[in-house]
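Here we start with a single chain on its own, the form predicted alone, put down as structure tokens.
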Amino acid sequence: MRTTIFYFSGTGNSLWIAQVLARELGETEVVSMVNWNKKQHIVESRRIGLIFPVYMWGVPRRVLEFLDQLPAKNAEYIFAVANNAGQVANTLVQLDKTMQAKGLLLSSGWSIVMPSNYIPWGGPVSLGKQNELFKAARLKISYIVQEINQRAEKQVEKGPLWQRIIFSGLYKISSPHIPKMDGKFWADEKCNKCGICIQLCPNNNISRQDDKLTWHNHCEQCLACIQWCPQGALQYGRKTSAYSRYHHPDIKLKDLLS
């Protein structure tokens, strides 16, 4: 059965998962949630996948917006994969309920643990730990492929009860403030005005004004700008200059720019 996978990715984890899934499923097209409608993309697949990261212990705002235009009229099976740093919490339950309210059926949903890209809370785990997570992720993806091919319909994966209660509350409190959380971004003297951050931003939230980078309060907190800066010139607050950057090693800048 032909499959279309829609992904949202800032630093490559979700795109990598989508690509590995596509290779194992076969006959699968991988499409960016950010760019698909610009191409007037017609989706005829009867199997649709949604791959995205967990932000603030919930579904990213950009993914929720995508659901309003999800071309799933002919879909017989919709699945989702939420990549996270170990706390999927209630994210997939939230997605399921949101889709139901829009008349969409989520057949299955899985969590995959990946290295965190949230640099305001520190740098990435060691390369050894990253490789362990990638290995475990590949095994989980192979399991997911088997489930998809069997058209498994089951409850979505979720975190422990305490996590779902506490983190769902934090998501509801923090989510409305995410667009304006870009106030702590700044560029240091290493910035060479290459413009990669401007090109990568999924919300067109960054511009150069009076030879200075400016963020416009439409942030997604995907952190693509800071993590992909080739000079390591972008910072968030006062601590990130001491932290290593992270993006998935198998994903190249051109993959996201395309």
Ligand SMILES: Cc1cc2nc3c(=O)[nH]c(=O)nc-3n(C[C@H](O)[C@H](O)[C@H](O)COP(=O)(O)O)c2cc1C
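Start at 1 and count along the sequence shown; that's the residue number. Here the structure is a predicted model, which is why all the values come from computation and not from measurement.
Only in words, not in the display: the form predicted in complex with this ligand, which the text now covers.
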Notebook entry, point to check: Which one, S168, Q94, S107, N84, lies within 4.5 Å of this ligand in the predicted bound form by heavy atoms?
Noted result: N84
Note to self: At 4.5 Å between heavy atoms, only one of the stretches 222 to 230, 208 to 216, 193 to 201, 66 to 74 reaches this ligand in the predicted bound form; which one is it?
What the structure shows: 222 to 230
Next item on the list: Give a yes or no on whether each residue among P124, T240 and S244 has a heavy atom within 4.5 Å of this ligand in the predicted bound form.
Entry: no
Check: Even though this ligand is not shown here, does Y118 get within 4.5 Å of it in the predicted bound form, heavy atoms only?
Finding: yes
Notebook entry, point to check: Does M56 make contact with this ligand in the predicted bound form, using a 4.5 Å heavy atom cut-off?
Noted result: yes
Next item on the list: State yes or no: in the predicted bound form, is some non-hydrogen atom of M114 no more than 4.5 angstroms from a non-hydrogen atom of this ligand?
Entry: yes
